[in-house]
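Next up is one chain by itself, shown in structure tokens, the form predicted alone.
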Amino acid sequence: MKMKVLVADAFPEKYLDEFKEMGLEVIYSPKAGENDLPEAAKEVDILVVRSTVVNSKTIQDSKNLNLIIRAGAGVNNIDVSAANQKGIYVANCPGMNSIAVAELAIGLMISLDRRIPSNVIDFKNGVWNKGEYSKAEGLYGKTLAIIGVGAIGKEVAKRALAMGMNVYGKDISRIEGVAIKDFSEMDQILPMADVISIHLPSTPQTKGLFDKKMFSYLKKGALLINTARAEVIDEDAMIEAINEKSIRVALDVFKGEPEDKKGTVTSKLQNNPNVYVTHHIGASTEQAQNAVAEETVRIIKQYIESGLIAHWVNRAKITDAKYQLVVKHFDRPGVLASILHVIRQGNINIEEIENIIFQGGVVACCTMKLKSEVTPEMLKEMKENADVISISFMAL
């Protein structure tokens, strides 16, 4: 029986063909929404989405689902907690759309400075206002603060440096790989910034990060760009800062953004002349979508061929393992079974296990992370197996 893959968002046709070449049964539903997925994904083995929400009902109602891939960066549209409860792998494609998002961020910076959208709207409406639109300051020599210096933030930095901007960065970890200055505290970096570009994931720590206090640090007339996640910004605090400090804002994401690809939209930001909004298109270039699709194909191919999951995001980073047992043994049937039997008799839970074969297929090494300590008697029993070469045991 063929494995089934449901692709519930737009996906390049040539990569759908690659799924078929792998022997997969492909179900392509690019217009599927959150409420369509519980039924659509019920019988599938693999689910691929871009922005479509994968809620707990989709996961709970699934019978065969074993892998969910976000064809993009982040997994905020997937109920990872529900996936954890069913042992379903969740993976993503980090870094594949970095250049596309960075290009949009730079485009929005220039648009804010030169008020390009307002220029165009006035012209379309028969209004000529050259005097007003000739007041742009220019970005050369301006200070840019990049908040979140991951793959996208670094690509923004490269382009901003090429434009002659002074670039500073704030990240949760050490900033490496790009020639920008690192500031540790927001109250240091924001007051000096002429332009702020946000590139943070949506996490409990970043939700509402740009609140009233954070906006109080911004200088008057600063430009703010968010091509990351809407949840990072408190929109009421942002509107207050627009009114009080004349800051100008460009967003590719906003609160209440429609899930559908086409339709109507309503937002309190619509009539604000200091706010430009694009249609969540940061990653939507042909180059980026091809790169993401290619990475999705690679993840699925590796999963089918080896069982390994590239970019597996819901693997536990910290377990209850307190001890490590390493057994070097001849690669023969029943050897590990005898070791596991001893561990089971001691009522010890194995948190992680990996068995690696040496070249030639004669000897293997099995590493086990254990929750409890094995006794000297148990180790003695394990060593009595003639196919066990050596055993080491240590506390972690």
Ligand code: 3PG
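Residues carry their position along the shown sequence, with the first being 1. Everything quoted here is computed from the prediction, not taken from an experiment.
The protein also exists as the form predicted in complex with the ligand; that form is not presented, and the subsequent description refers to it.
Colleague: Just to be sure I understand the contacts: of H280, H311, K301, K158, which is the one whose heavy atoms reach within 4.5 angstroms of the ligand in the model of the complex?
Modeller: If I apply the 4.5 Å criterion carefully, the residue I get is H280.
Colleague: Could you spot which one of R248, R115, K142, R229 gets a heavy atom to within 4.5 Å of the ligand in the model of the complex?
Modeller: Selected option: R229.
Colleague: Would Q324, V374 and S392 all count as contacting the ligand in the model of the complex, using a 4.5 Å heavy atom cut-off?
Modeller: Judged in the model of the complex, none of Q324, V374 and S392 sits within 4.5 Å of the ligand.
Colleague: Given that the ligand is not shown alongside this chain, does G74 nevertheless sit within 4.5 Å of it in the model of the complex, heavy atom to heavy atom?
Modeller: Output for G74 is yes: heavy atoms within 4.5 Å of the ligand.
Colleague: Check whether S284 has any heavy atom within 4.5 Å of a heavy atom of the ligand in the model of the complex, and answer yes or no.
Modeller: Result yes; S284 sits at the interface with the ligand in the model of the complex.
Colleague: Does S51 make contact with the ligand in the model of the complex, using a 4.5 Å heavy atom cut-off?
Modeller: S51: contacts the ligand in the model of the complex.
Colleague: If contact means any heavy atom within 4.5 Å, which of 63-71, 340-348, 38-46, 361-369 contacts the ligand in the model of the complex?
Modeller: Correct option: 63-71.
Colleague: Residue by residue through 76-115, which ones have a non-hydrogen atom no more than 4.5 angstroms from the ligand in the model of the complex?
Modeller: Counting only heavy atoms within 4.5 Å of the ligand in the model of the complex, the single contacting residue of 76-115 is N97.
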